[in-house]
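Below you will find one chain, with nothing else, as structure tokens; this is the form predicted alone, and questions on how it binds or moves follow later.
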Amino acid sequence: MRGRIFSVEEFGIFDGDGIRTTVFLKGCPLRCSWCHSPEGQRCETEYLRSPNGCLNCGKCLDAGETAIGRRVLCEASIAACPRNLVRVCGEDVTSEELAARVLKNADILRAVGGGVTFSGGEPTMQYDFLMEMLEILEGKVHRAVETTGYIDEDRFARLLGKTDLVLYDLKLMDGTLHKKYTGVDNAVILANYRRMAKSPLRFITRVPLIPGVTDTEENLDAICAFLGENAVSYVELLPYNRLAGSKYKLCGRQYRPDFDETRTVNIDLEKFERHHIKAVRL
């Protein structure tokens, strides 16, 4: 089976236990206002152009017009750029090829209590490929999946039986606000979380701290209540990436967050403690 990835990062320490290899799969059904991986949103292969050092000579676009009849970046643009600022984003690999890349460091990863984490984008967008990868790696290396939880409930139930750890994002509890800031409703996300919480599988809840959006008193109170209902006593708080906008230029897009990103995020950790939840800021 073939899948499409946009990055493989080795020796990471923030994507699960120990030191890990993180595989980023292309494609995501959400469009979070604060997304710091816009190159992972679209399923198709893209061509990125760094604005740093660009001469604005237009040769990359000229190559696109010659090759495919449109003034856009394409494969021919890579060789046409005089400063080598154009690159492809989206590598097609077979499950065997990707497994070999992951397992080359398997001894090291096992020795330090680490493993492999599948992230994105949203890795379940390539569900069949993800499941095949998890099956191939079973018993060879610890496996984790980082997910938004926005996936068909039956598919998610099968996924729970194929991985060793789930890193699960909880963003907004209010369905209307969730759709406003991510583009999708959160009903299936909450339903999948409840199913996961009842399963024997180990999981880690993660909350991104977005100024004025997810860090409000109302949202954090609702998250604490939801965690309590599901007997969850640990949560990781992810900082807002203030450099997120820089990647959009690579994709030829503009970063237009509909919130005040300059606002300071102030989190009362005692709020979580009052709900008997240990909150850790990463």
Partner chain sequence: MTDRVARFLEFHRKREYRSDRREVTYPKVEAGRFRQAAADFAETVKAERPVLYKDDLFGFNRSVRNVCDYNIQYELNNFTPDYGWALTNGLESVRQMLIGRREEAPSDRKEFFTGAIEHIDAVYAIADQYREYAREQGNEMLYGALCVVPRLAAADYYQALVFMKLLIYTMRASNVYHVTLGRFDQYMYPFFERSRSGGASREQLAELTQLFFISLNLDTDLYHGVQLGDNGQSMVLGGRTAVCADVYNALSDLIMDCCLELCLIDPKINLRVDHNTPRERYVKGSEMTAKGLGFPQYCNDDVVIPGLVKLGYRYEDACEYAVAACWEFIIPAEGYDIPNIVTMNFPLAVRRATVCSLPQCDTFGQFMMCVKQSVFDFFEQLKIEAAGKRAEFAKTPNPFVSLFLRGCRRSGSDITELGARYNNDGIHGLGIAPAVDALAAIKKMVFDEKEVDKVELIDALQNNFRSYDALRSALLRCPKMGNNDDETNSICDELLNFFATIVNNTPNSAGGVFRAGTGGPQDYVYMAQDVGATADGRLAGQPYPSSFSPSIGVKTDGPLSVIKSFTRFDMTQIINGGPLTLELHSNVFRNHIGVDKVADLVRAFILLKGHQLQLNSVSREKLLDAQAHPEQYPDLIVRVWGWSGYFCELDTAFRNHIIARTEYTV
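Predicted model only: the values in this text are computed from it and were never measured. Just so we're on the same page, rigid core means the largest C-alpha set that superposes within 1.5 Å between forms. Numbering follows the first chain given and starts at 1.
The protein also exists as the form predicted together with the partner chain; that form is not presented, and the subsequent description refers to it.
- Residues placing heavy atoms within 4.5 Å of the partner chain in the predicted bound form fall in a single listed stretch, namely 104-112, out of 184-192, 143-151, 104-112, 117-125.
- In the predicted bound form, F11 approaches the partner chain with a heavy atom inside 4.5 Å.
- At the 4.5 Å threshold, heavy atoms of D17 reach the partner chain in the predicted bound form.
- A residue is said to contact a partner when one of its heavy atoms sits within 4.5 Å of a partner heavy atom; C81 meets this definition for the partner chain in the predicted bound form.
- By the criterion of a heavy atom within 4.5 Å, M1 is excluded from the residues contacting the partner chain in the predicted bound form.
- Interface residue among K59, R253, R42, R31 relative to the partner chain in the predicted bound form, by the heavy atom within 4.5 Å criterion: K59.
- Shown without its partner, the chain has V280, R281, L282 in segment 264-282 as residues with a non-hydrogen atom within 4.5 angstroms of the partner chain in the predicted bound form.
- Relative to the superposed rigid core, H36 undergoes a CA displacement smaller than 2 Å between this form and the one not shown.
- The two forms, fitted on the rigid core, differ between this form and the one not shown by less than 2 Å at the CA of K249.
- In the core-superposed comparison between this form and the one not shown, the C-alpha atom of A225 has shifted by less than 2 angstroms.
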